[in-house]
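This document starts with one chain, in the form predicted on its own, laid out as structure tokens.
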């Protein structure tokens, strides 16, 4: 017979509640931004009639092509530069994806004070480390490869 506690802690329940709300908010925004794009409420950077020509390209070739043909920027549109294009239907849908990716960071930040209050300093420091690492990775300051 096991003596393991199968009850969720207050922080686990808090984490799950935030994650659930963030997931539903991100999902709702994905539907809304996709509808704005499909219903032509916002103009796209890449005309819908030309999208299929870019689908099979490697990422770098795609970035060069859309920069050459549509954006005409001095540098390729990489990293967070998509934020400059939020007024266009084909880039607005990046926003809910970023929100979905960022919800975990918010979860860690919210549960950390409770972990300290409960005296679980090891988990509190791990939550802080997770939030910092995820934030650095999202910012582009911490990357592996490319």
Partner chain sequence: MQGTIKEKAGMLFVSLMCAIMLSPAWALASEAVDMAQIPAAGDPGWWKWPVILLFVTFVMGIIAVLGGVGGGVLFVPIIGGFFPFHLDFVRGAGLLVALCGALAAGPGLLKANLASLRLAMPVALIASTMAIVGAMVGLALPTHIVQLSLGGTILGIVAIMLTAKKSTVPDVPHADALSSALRITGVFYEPTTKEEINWKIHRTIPGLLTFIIIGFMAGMFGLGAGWANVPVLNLMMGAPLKISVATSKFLLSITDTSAAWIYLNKGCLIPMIVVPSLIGIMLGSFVGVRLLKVAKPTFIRWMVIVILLFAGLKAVQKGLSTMGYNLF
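Numbering follows the first chain given and starts at 1. Values in this document were obtained by computation on a predicted structure and should not be read as measured data.
There is another form of this protein, the form predicted in complex with its partner chain, and it is not shown here; the text below is about that form.
Evaluate residue 25 for contact with its partner chain in the model of the complex, applying a 4.5 angstroms cut-off between non-hydrogen atoms, and reply yes or no.
Outside the cut-off, so no.
Does its partner chain get within 4.5 angstroms of any non-hydrogen atom of residue 84 in the model of the complex?
The answer is no: residue 84 has no heavy atom within 4.5 Å of its partner chain.
Decide whether residue 79 counts as a contact residue for its partner chain in the model of the complex under a heavy atom distance cut-off of 4.5 Å.
So residue 79 counts as contacting its partner chain.
In the model of the complex, is there a heavy atom of its partner chain that lies within 4.5 Å of any heavy atom of residue 94, even though the partner is absent here?
Contact with its partner chain, yes.
Partner contacts in the model of the complex for 100-122 (non-hydrogen atom within 4.5 angstroms of its partner chain):
Those in contact are 100, 101, 102, 103, 104, 105, 108, 111, 115, 120, 122.
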